[in-house]
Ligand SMILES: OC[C@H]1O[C@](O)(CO)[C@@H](O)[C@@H]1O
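Shown below, as structure tokens, is a lone chain in the form predicted on its own; questions about how it binds or moves come after it.
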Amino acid sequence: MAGGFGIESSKKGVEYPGKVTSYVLVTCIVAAMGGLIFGYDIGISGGVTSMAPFLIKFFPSVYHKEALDKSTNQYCKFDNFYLTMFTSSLYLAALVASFFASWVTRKLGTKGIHDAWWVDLFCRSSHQCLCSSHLDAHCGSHFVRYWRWFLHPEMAPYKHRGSLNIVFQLSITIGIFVANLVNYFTQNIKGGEGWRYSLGGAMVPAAFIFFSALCLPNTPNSMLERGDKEKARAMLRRIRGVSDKEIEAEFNDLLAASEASKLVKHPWRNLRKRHYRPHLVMAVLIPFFQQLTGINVVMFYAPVLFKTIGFGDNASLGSAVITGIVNMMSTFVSIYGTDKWGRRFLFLEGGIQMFIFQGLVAGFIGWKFGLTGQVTDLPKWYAIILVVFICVYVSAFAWSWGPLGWLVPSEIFPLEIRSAGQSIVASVNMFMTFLVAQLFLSMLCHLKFGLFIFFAFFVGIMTVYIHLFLPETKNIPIEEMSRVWREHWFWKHYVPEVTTDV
């Protein structure tokens, strides 16, 4: 059953020939650069909102609580609705864009997203932030980010799909690290204008993404969707690096899946069908759980968090740089291991590691700060141990739920529901990112160190969920992915051996 529905196949476990050609490698790396601006946005927000000149200009009440009012509970110094909206509002725009992405990819192809939205990428980057006196230009193009994430699983050979896909996550971590580094150096610019340079720096990845996008191709699948069979065959031959004869089996499966998918007039309605139940459940729960790991507590608000628990201005931004380095370097573990050890192993190991060290962070903060958040003396050894605990937690996320939370949903959908399924994944992810970013500082104020126990609870739940319900998708061609559901102890009751309706 190629493509996951309505096409009977006896080629169970078929292996398609192909190799990692230089063309595929360059294409995947260039496509992955879409993560730079997203990572930069994540990293820059928390650093800027901890800078005194920025707070004085836009949030004087927060500055008064943080710097002048010693009676305010340490946990509550940054609790301000409008301050969190500065960070979280970005993801509301991304949420809206995710819905439109499904229609555009079906009608124009993956490259068509670039043609339709490059103005949003380049013009709505952060040029205005560099010159503006208002908070009206904190933006990036997550529509283009969605398109580039969509491109990877269709271009990469299935045996190397995981590693090449995770290069996208690596570019996000590079963006976060660069943002933390920029914040660290711009905070001391004379005149208190460093925040402008931090926000305006988003122009650099935006420009790079725009110009690199001109070189990116459509995938064979998107060409077939628009009826370009010969171009699709030529592209498949090019990206696999083999002869026409050797790609014949894969091309025929792609063609059959494409023809069948065209019969599906309502992919969103199709997602509700029983045999797509596992795909829909994973499309919702994986991004849902990914944002409840608590990682955004560290990535969005690392400087604010470290400042809240007693670090000075330079120390808080410096600690954020350290976590940024750990985040970036740990992603290489996933690039190496996801196609070697499998998705489930990394999911489970990372979940257990995050659960343990999030509990330790909660215990350490509760020990020193208690419920009042007041502490007169913060030993250096304590600060070092706390940063180490947070770094070990970040490393676990960086090689498990960070990249795999995007990789696995990107490879499980058959062609006929792929665009709708991907939109759901991106929409749930953006909604939960917005929710956590908006509520974190308020939850920190009310739950105090218990907030980390709250996130640890969800880490435990999602680790058990992966153990029970996620089949291994390593080394499975996308056209053959339906068989992992048919062989799973639970999902086999939903996905029949041969499905005949469309």
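Predicted model only: the values in this text are computed from it and were never measured. One-based numbering along the sequence shown.
Just so it is clear, the following notes concern the form predicted in complex with this ligand, a form of the same protein that is not shown.
- The site on this chain is open, since this ligand, superimposed from its pose in the model of the complex on the surrounding C-alphas, has no atom within 2.4 angstroms of any backbone or C-beta atom.
- Of the residues given (Met354, Ala320, Ile166, Ile172), Ile172 alone sits with a heavy atom within 4.5 Å of this ligand in the model of the complex.
- Exactly one listed residue, out of Ser330, Asn296, Ser423, Ser410, brings a non-hydrogen atom to within 4.5 Å of this ligand in the model of the complex: Asn296.
- Every member of the trio Ile176, Gln291 and Trp406 reaches this ligand in the model of the complex with some non-hydrogen atom inside 4.5 Å.
- Taking the partner from the other structure, this ligand in the model of the complex has a heavy atom within 4.5 Å of a heavy atom of Phe397.
- A residue is said to contact a partner when one of its heavy atoms sits within 4.5 Å of a partner heavy atom; Pro303 fails this definition for this ligand in the model of the complex, lying far away.
- Within 4.5 Å of some heavy atom of this ligand in the model of the complex lies at least one heavy atom of Ile42.
- Within this chain, Gly350 is remote from the site of this ligand in the model of the complex, having no heavy atom within 4.5 Å.
- Here the chain stands by itself, but in the model of the complex one stretch of 414-422, 397-405, 354-362, 239-247, 397-405, has heavy atoms within 4.5 Å of this ligand.
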